[in-house]
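Included below are structure tokens for two forms of one protein chain, each presented in isolation as structure 1 and structure 2.
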Structure 1
């Protein structure tokens, strides 16, 4: 066999196992997800499923519980994304001054990122406990900001707050790291030149740092928005969608429909709508924000 033919064959063999696994475990389920959303899918695999066309979608768009979940998901993204970015940038700017102990600080800020959602969600549930929770203690007994304990997770008006706080707290380490890499890639000469021209620190930030970090901003905005829409375990664990179904997000609502009520077709329809939304938003953000920085 000629060498090129042989190498073509070898290359094919290299990717074959991975691609097979990928076809069976990713491509097929994606297509099947769209397909299932058109059926009243039966719990018993032996009974044929009823084709109902777009009925799941029609029902979905009249489902008030779906809108609650949708609004909560969007609110979660709108609230947590900017906080993660601003705070992460702030820490990165401080760390970028080249002080001693950078590695240690980086590790400490990064700890929440590498801790599993299950653990931190359980932990925050304890911190935000109504009676004897440390957050209420700090607010009431240390700073005297409130008179009575707040029932954080037990009342509709405040139940989302611990979930937002957790999302922001867990995300800062990641934005910090990405901003730090972005900051370190800015050539030092630019700052020197600007300083010679008489720019102060604020000018340096707005005229040099910020424009050069633009690609980093866009990247983070897209990734964090997608991540925000995928919020799941924190809500699932801390409130379970309650009180009175007020904190459901798309993922928990999908879980409830599919794996508690076994409405697989309906759950698949939620998943499809969710996917189309995330896809559209990330495309829009890319298009509107990814202009050349100069």
Structure 2
């Protein structure tokens, strides 16, 4: 074998395990999910699956509960992603100044990221409990902003608020860490040259920091949007989709249809539509936001 061929073959061998895992755990489930969505799928292998074509998709787009879950998913991403990015950037800017104890602060801000979703979801249930909850206690007894306890998780108008707060709180540490890595990769000579030219702090941020952080912004936006659309455990644990199915997101609605009602074909149709939507949004974000900083 020629040297170039041997090098390519060696590289292929290194990539092969990862590609096999990707095909088995990502590509195959996507293709199999689309296949299942064309059937009235039965879990029992002895019962034949009835081919129904696009009936699951037709029923899906006529399902009002699907649109409720879709709107809730979009609202969750729209609300949580900007807050995570802005707050994470502010924390990263503060920690990048070389303050004392910054390692401890990094750990404290990143701790929610590595904490189990189950644990923090149960914790937020207690925080936003109607009676005995810390949030109601602070608002009513400490600051006297409300007269009666708010039923945060028991009424449709407020049930999503604790879920938004949890999502924002848990994501700040991750965005902080990525932004901090981006900030530390910017050469200090650029800041020194800008200061010599008379740039103030705002000019330094808008003319040096922000343009050079653009790839980091794009990466964060794409990843956080995908993560926002994939919200599941917090909704499933805190509200279970209630009250009156008002807090269902696409993942919880898909789980309910597939594993509670055993409508596996219908659940697969939701998954396919969900996948196409997230894939399209992420590609559009990359296409329109990925530009050279200068």
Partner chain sequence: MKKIITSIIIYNSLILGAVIMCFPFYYMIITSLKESAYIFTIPPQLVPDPATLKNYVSVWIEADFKLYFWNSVKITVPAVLLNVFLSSLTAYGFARFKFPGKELWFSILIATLAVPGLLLTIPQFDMVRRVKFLMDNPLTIMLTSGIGSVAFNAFFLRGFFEGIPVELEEAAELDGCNAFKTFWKVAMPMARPALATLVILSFMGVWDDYFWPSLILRERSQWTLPIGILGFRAQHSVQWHLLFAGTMIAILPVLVIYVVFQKYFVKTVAEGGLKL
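The model shown is predicted, which means the values in this text are computed figures rather than measured ones. Basically, rigid core = biggest C-alpha set you can superpose within 1.5 Å across the two forms. Numbering follows the first chain given and starts at 1.
Remark: structure 1 matches the stated condition (the form predicted together with the partner chain). Annotation for residue 276: C-alpha shift under 2 angstroms between structures 1 and 2, rigid core superposed. After superposition on the rigid core, the Cα of residue 28 moves by 2 Å or more between structures 1 and 2. Of the two rigid parts of this chain, the smaller turns against the larger by 14 degrees between structures 1 and 2, per C-alpha superposition.
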